[in-house]
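The chain that follows stands alone, in the form predicted on its own, written as structure tokens.
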Amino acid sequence: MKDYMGIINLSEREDNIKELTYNRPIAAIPIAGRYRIIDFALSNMVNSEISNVGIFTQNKYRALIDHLGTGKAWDLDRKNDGLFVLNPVFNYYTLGIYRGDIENFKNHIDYVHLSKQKNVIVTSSNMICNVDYKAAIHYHTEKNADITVLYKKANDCAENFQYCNTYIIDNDNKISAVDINTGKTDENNISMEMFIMSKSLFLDIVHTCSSKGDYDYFKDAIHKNIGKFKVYGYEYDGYLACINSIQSYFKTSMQLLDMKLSRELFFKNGLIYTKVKDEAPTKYTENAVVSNSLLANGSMIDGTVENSIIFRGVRVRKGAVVKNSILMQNSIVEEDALVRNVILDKNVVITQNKQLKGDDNYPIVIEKKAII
């Protein structure tokens, strides 16, 4: 694994999750009480002994950089290799024109050129999973593949993985065609947007696309040239979720209340690491009633919390009721308020006696720092 470098490519579409990405990329959205979505992609890299990881951002990256810091939480604060955050280059003549991730790769191509590793794993940040890249790399070598793509055979595609790429795979696991999941069928081979290849091939794809202008996105350059490359699929059989909409974020978060699933996701192939904050444990008063919920440190519960995820520093006052909801950092639910099927972004205040009720499949989202 010392001969592999990692690239986490933050080029995900945000059309259906805008409420949570006004001030941050998808990678920086808080999840599971104390994590950020990018923690899964980063932890998968370091658990597979990849020590050179580059994160190619697109915009709104302040919150992400604040979370990542020097990379210490993932043991990536190193003199040799380590964590590199590569922000987009804006020129006066291209300002406001988004050209896709190929442009960003080209502007930072020296980082890839100068890295000592000879192979690369390119992944998005919005796939929630705990994957062992060592097994996938062994498969890639055995097949003598140009590109190996990780995929999952999913049987819930009508409800989940909307607008993710899907693959048609032959008996030898070679990918013959690419499509989009529009929810018409339950079963499909879902792309995890994780690509294993040589560094020379990665550079060749970027140079070809940037010089000819054929494709703006790296994965399009691969998918539309399936016949040109030997592209194989490696099947992943663990838990997978794709965060690309408010509904998928809410549903995935609620699934994490299942202890069996949560243990698999956070422990199966190594721990999921995140930025550490030294805070006191959550305090429960004599009035607190808590059931089937996930609570982070630093909170104070004086009301009722059911089937919910409570982040650090949250306050649930006396008589308040929180059900089937997600309360992000430093949110406050005042006395006798009711919150059901709601996502509160950071530093939101729900004042006394207010009632917010969303739908099971379409939760209400309250933007950061709002007072209701």
Partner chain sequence: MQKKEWIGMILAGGQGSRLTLLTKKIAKPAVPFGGKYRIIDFPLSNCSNSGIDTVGVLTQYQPLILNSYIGIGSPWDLDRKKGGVTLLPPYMNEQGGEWYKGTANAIFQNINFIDYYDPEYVLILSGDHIYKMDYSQMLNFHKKKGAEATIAVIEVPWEETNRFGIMNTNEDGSIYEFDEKPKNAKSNLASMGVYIFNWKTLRKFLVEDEQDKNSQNDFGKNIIPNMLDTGIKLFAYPFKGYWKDVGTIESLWEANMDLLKPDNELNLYDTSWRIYSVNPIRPPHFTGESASIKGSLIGEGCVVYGEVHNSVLFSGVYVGKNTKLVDTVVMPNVTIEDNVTIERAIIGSDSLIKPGCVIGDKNSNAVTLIGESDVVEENTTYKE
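This one's a predicted model, so the numbers in the text were calculated from it and none came from an experiment. Positions refer to the first chain, counted from 1.
Another form, the form predicted in complex with the partner chain, is not on view; read the next lines as being about it.
Only one of Tyr163, Tyr111, Phe229, Phe266 comes within 4.5 Å of the partner chain in the predicted bound form through a heavy atom, and that residue is Phe266.
With the partner removed from view, the residue among Glu142, Asp172, Asp237, Glu286 that has a non-hydrogen atom within 4.5 Å of the partner chain in the predicted bound form turns out to be Glu286. Although the partner is absent here, Arg315 lies within 4.5 Å of the partner chain in the predicted bound form, judged by heavy atoms. Using a 4.5 angstroms limit between non-hydrogen atoms, Asn130 is distant from the partner chain in the predicted bound form. The partner chain in the predicted bound form comes within 4.5 Å of a heavy atom belonging to Glu279.
The closest non-hydrogen atom of Tyr35 lies within 4.5 Å of the partner chain in the predicted bound form. Note on the interface: of 27-35, 336-344, 320-328, 62-70, the segment with non-hydrogen atoms within 4.5 angstroms of the partner chain in the predicted bound form is 27-35.
Along 242-275, residues Leu257, Met259, Arg263, Phe266, Phe267, Leu271, Ile272, Tyr273 each place a heavy atom within 4.5 Å of the partner chain in the predicted bound form.
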